[in-house]
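There is one chain below, alone, in structure tokens, taken in the form predicted alone.
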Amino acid sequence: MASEGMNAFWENIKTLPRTFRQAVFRHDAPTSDRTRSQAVFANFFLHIHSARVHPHSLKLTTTWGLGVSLIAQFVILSVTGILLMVYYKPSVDMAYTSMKDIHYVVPTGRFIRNIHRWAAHLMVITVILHMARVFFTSAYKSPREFNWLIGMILFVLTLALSFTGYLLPWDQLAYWAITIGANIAASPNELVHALGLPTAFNVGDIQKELLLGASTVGQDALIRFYMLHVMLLPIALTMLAGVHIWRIRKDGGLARPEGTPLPMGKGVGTEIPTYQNPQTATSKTYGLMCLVRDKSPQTDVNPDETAPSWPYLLRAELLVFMVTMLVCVLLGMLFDAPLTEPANPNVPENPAKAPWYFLGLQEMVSYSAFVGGIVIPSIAILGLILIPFLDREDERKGIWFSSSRGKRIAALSVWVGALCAAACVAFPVTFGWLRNWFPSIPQIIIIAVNPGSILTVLYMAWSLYILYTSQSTRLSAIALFTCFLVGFVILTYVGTYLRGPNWNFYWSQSQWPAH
């Protein structure tokens, strides 16, 4: 018996590599479609993909890799952020010094900080482009309404993540940028004072206290922003991003026109979707691995029309990740993240500017903090959330601008959006605004009627005009979204390059007054 036990033991030793590999991978090498599907299906990290993917989803022009690039940027930010946390000290007395140590003393510290900084900016740009791609290809339509909502929350979380990181260097640039943000949070007081309400209605004070943990930017604000930046917001973003990707899969993959032709020449793809009689339609459907018969979101999709995710999709994702990493590394090598003088509450920056993605808001805030900083952004976010529920037209998805008519409306809206934005900047700069003309005008009118609110009304009027003339909610939505996108770009440019000391207008920085 002892001999048999020893023989079995030695046999187990000899087969240990094979049994260990089987315990981990539980499938053969991915050399066939079946084993490739198994490789995806049995892997915790890859299982978020479907086992097979439609070739249309693999085309570069379908997504431009924006969603995968966002995930790559978040991974880069997480890794570099953890490395920076080793040396960063979230204290008013030590934050700036620790940042200087990272910049000048810690080996590769400057490079890692640069990558972290540019990846954060890249993520804000990419999330805007991703949202525009989803909108212009109608990928928010049924059954993807809920996922569009999740995407909007992710958009806000991305801005919040970038904004909370802005304060951490504790330099003049960060301090006064956050001060502007805090003043926007307190802007409802502007309305309370204009209406003559008691100070008990100062909702702005409560919002500012919630944001900063105090009435001014100080240690409480630094700790609060630090916790939000390194813990709460990343956790929320990770969870919602998982739901977002999972919903894409459950909603049948990326949006695409029905009957999209197949580049591999298989299947029965056609540009014209064919109507199927419910009595004669096939009952044959495929599960996640295309191996079982059951109901699935991929009803009536023949597996011959799809390609295995391994290696086609994973190879494309790896390529996007490498390109994203390369861009971040190049930016980190070429451009240093700024670090100005230590934060000094007694010496305000002039001009004090918000992060670049909020400079469009700051342009409107310069006329009314409440309307420009609270009302208009709230209207814009609410409008974006409601788009899938207001635009219910039954049309083909996955097509840029839906049709040639949609392309014409978008092109025309670019001009309308640009002209309106330029006019709403140029007119008050040239001729002044209500307070210049009527010094005793009530403040409530100043709050309600300003270039920012007029610009919003102009954009909405243009959208309603398109709705009236075209009788299409989709074209009306394209007009409104395009206008706001163009307006955002122009106002951001004005705030970045054409606003100088005291928020006055200058054609170039060389015209700024000498001190």
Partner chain sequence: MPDRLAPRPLPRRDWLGLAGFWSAGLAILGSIAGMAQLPKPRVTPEASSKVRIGNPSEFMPGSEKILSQNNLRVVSTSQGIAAMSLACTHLGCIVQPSQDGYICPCHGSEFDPNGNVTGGPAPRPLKWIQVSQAADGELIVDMAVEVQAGQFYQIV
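Numbering follows the first chain given and starts at 1. Note that the structure is predicted; figures quoted are calculated from it, not measured.
There is also a form predicted together with its partner chain; it is not shown, and the following applies to it.
Highlighted residues F41, K59 and E258: none comes within 4.5 Å of its partner chain in the model of the complex, counting any heavy atom. For the candidate set R396, R224, H121, R110, a heavy atom within 4.5 Å of its partner chain in the model of the complex is found for exactly one residue, namely R224.
Distance criterion of 4.5 Å from any heavy atom to its partner chain in the model of the complex singles out T179 from the list N147, T179, T126, T80.
Note that among 96-104, 179-187, 164-172, 388-396, the stretch whose heavy atoms approach its partner chain to within 4.5 Å in the model of the complex is 179-187.
Proximity of N114 to its partner chain in the model of the complex: non-hydrogen atoms within 4.5 Å are absent; the residue sits far from the partner. Heavy atoms of G242 never reach within 4.5 Å of its partner chain in the model of the complex, leaving it off the interface.
Taking the partner from the other structure, its partner chain in the model of the complex has a heavy atom within 4.5 Å of a heavy atom of L210. Proximity of R435 to its partner chain in the model of the complex falls within the 4.5 Å heavy atom cutoff. In the model of the complex, its partner chain lies beyond 4.5 angstroms of every heavy atom of every residue of 374-390.
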